[in-house]
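Before any questions on how it binds or moves, here is one chain, the form predicted alone, in structure tokens.
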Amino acid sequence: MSYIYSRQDRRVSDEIVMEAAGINKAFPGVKALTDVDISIRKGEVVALLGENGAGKSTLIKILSGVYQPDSGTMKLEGREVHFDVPLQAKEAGIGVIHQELNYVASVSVAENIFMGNIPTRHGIVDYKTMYEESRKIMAKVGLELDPKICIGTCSVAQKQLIEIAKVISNDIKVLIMDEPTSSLNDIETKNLFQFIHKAASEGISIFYISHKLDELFEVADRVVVIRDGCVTAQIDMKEATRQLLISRMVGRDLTAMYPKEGAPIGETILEVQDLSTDWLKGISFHARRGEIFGIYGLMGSGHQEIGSALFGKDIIHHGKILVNGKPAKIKRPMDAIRAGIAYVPAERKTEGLVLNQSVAVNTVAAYYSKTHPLFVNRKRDSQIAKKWIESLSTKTPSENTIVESLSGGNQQKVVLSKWLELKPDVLILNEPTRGIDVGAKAEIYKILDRLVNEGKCVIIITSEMPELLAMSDRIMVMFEGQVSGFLDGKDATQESVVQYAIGG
């Protein structure tokens, strides 16, 4: 992108592109939306803000045809519309970038971008055109990637950018973006903001959903706050403050966003020596009891692959891993579990949970994998689940509730419960607060602080700079598969971290 776009390039029209009035939606036992009114003008960026479970996802699913409202009306460019299926919304010019990635892992990047609209020539797939157009589309979001490679080999951040590229390749009037930066680092996020400013300046209307409040001040013209299924405020960003947005969103003040008290640092519990995989090139580091060890890097740096390597998901070509001074031969996840290592993946819904099973079943899943008891003990499973629900303050009707129905923050607590039941010495979390609202983030941070005070070693692999700087005792930065540098948490700044991240 040769031209730097900003909010000043945008001229929001008075023309209302899309509006919804009196929207109501209920599910069995839950009133999801109550008399919601919302509108968006041509070239406007409207942020939707609210805690997990506030009703944001239900609203965007109604706007995009996934759900139908129980009552209320919708208009697009002044004409009343009703979407029975998402395809109708797509054909009307509404594009959606979902928080949960939507891709076919076994085919190429280009085929994912053009899924359902593969270019042909004389009845045969026109691969040359498909690859050329894929490169042009990905360039719009600052992504340089070979469109021929299998998308299953891409990182989470790359998949998210590909999903964005895929959606904007269509002729859209309204773009709905649900947590689009949840797996992006600072540089990738800036590239995305450039796209948003450019798209809005060209007349595309954007609904933007994010729990990262700083992003809203960067991209939004107006914020609509939703709490308990109701619109509680509509605020012009020129009048907004961080504290005002938080109080309107959660109904209370969060005085300690990063409640880190610190813990006594003990002996080295994890030591990695000259570790090499397909992604990593001879990395070495150590982490100690009572320490939160932060890992950061730009896309493709290898930082996301450290957790999966230590947990036995990637093949280790060379190097040693020592836990409590003893060599750990880790070739598969069960080896890591037995060595005292637990891993919370970035994609909790696809890698960390069985969504159609209960909180109890998910909580004891790792326990059963490790112990292999002859019989299932439902009474004990229920007791274990209740213990962790209480300990982590998980908001769920009961331990028998299907985990898919929980908010993102509470799902993350269930994943934590699963591993904490095994009493690991080392807990590795990849993007620990991805897609979680500010209230739930503060609760997760309290849990991590509590764990290090109990003598655990916590490793966080994160793309979120404020989280990295606020929670880490030490920071390791990666560049092109290698360790670029180490920083003490007290001395680290955003500038020093980025300097290492771009190669020193």
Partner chain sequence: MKQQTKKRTLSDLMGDSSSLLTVIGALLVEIVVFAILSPNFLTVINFKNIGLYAAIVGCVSCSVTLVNISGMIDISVGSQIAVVGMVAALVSGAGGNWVGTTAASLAVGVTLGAINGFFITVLKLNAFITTIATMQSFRGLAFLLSDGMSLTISDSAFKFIGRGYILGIPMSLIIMLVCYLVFHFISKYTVLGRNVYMIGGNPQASFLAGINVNSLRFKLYLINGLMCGVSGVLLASQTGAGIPNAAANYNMTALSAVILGGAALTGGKGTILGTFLGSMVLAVLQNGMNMMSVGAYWQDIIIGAVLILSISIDAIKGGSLKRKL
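Everything quoted here is computed from the prediction, not taken from an experiment. Residue numbers count along the first chain shown, from 1. C-alpha atoms forming the largest set that superposes within 1.5 Å between two forms make up the rigid core.
FYI, the form predicted in complex with the partner chain isn't displayed, but the following is about it.
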Residue 294, heavy atom within 4.5 angstroms of the partner chain in the predicted bound form: no
Hey, in the predicted bound form, is residue 124 touching the partner chain, heavy atoms inside 4.5 Å? no
Give a yes or no for residue 376: in the predicted bound form, does one of its heavy atoms lie within 4.5 Å of a heavy atom belonging to the partner chain? yes
Is residue 343 one of the residues lying within 4.5 Å of the partner chain in the predicted bound form, judged by heavy atom distances? yes
The partner chain in the predicted bound form reached by all of 285, 315 and 326, non-hydrogen atom within 4.5 Å: no
Check each of 222, 289, 418, 197 and return the one that places a heavy atom within 4.5 angstroms of the partner chain in the predicted bound form. 418
Would you kindly say which of 119, 333, 152, 300 lies with a heavy atom within 4.5 Å of the partner chain in the predicted bound form? 333
For the interface check, one of 265 to 273, 108 to 116, 171 to 179, 361 to 369 should have non-hydrogen atoms within 4.5 Å of the partner chain in the predicted bound form; which one? 361 to 369
Go through 381 to 402 residue by residue and record those having a heavy atom within 4.5 Å of the partner chain in the predicted bound form; state none if no residue qualifies. 381, 397, 398, 400, 401, 402
Flag for residue 462, CA shift 2 Å or larger between the shown form and the other one after aligning core: no
Determine, after fitting the two forms on their core, whether residue 68 shows a C-alpha shift of 2 Å or more between the shown form and the other one. yes
